[in-house]
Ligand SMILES: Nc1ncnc2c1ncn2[C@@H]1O[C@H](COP(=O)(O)OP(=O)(O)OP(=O)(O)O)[C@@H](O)[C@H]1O
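As structure tokens, one chain now follows by itself in the form predicted on its own.
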């Protein structure tokens, strides 16, 4: 049985949050939801309550979600292989069909339903809805000017900020699946971190928070790095300390900051209420990224 928290400590916790609640009043916060937090029922409930609490105290959350494990599971069930290049999923037509089915057809609706049941009305959208996320085909530059084709993977080029603002002002939390579309109607699978960064930039958000399955960015010694600059990231990448799936996350953070988002952090989504700890406490939680 848990010991009760002393009254004075409970009061101190609330008072610590007060200046942060004030600073985020009316601000937009983009939360990229992914990893273990999306498959653990207790963590799903904790995040729904976090987002609902933020909405109740005057913050305007926007959720952009991933779904890598769920996509992998369905691909395996269908006898299709998953292939990644520099942390990005190679996407052919069958893989795109699966991504659209899993992301927009199931995950977004489940998240929106859970938020609504917590008292924070939410609406599931894909980047195709209302041309929410326009995209072009992404290719990865390689040495000697060669570009690596990774299939139907998109690079966000424009986000329909007025549509999102309209929903937010109507008291609705947008829950966005990272599927984009070009003006010819071609759909693209977009890395969820990149999609979240584009949304944060378009909304000029106060904060971009990326939930992941590690404490944050880890150094050579395996310890958490609390704060990283663009120069630090470049150096750690050159030393191969940062690699794989962490690269798109850090690139997303830097892109959002360059575009006008006022803050970015990578935090441990396996910890209940990590979003509240990051936003509403002095210490924060995870790795803060700055230019």
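Numbering follows the first chain given and starts at 1. On a predicted model such as this, the values are computed, not experimentally measured, just so you know.
There is another form of this protein, the form predicted together with this ligand, and it is not shown here; the text below is about that form.
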Candidate stretches 159 to 167, 131 to 139, 146 to 154, 207 to 215 - the one whose heavy atoms come within 4.5 Å of this ligand in the predicted complex: 207 to 215
When the contact criterion is heavy atoms within 4.5 Å, does residue 69 count as touching this ligand in the predicted complex? yes
Answer with yes or no whether residue 259 is in contact with this ligand in the predicted complex, where contact means some heavy atom within 4.5 Å. no
Taking this ligand as it sits in the predicted complex, is residue 243 in contact with it (heavy atom to heavy atom, 4.5 Å or less)? yes
Heavy atoms within 4.5 Å of this ligand in the predicted complex: does residue 263 have any? no
Note that this ligand is not shown here; using its position in the predicted complex, name the residues of 25 to 57 with a heavy atom within 4.5 Å of it, in sequence order. 32, 34, 35, 36
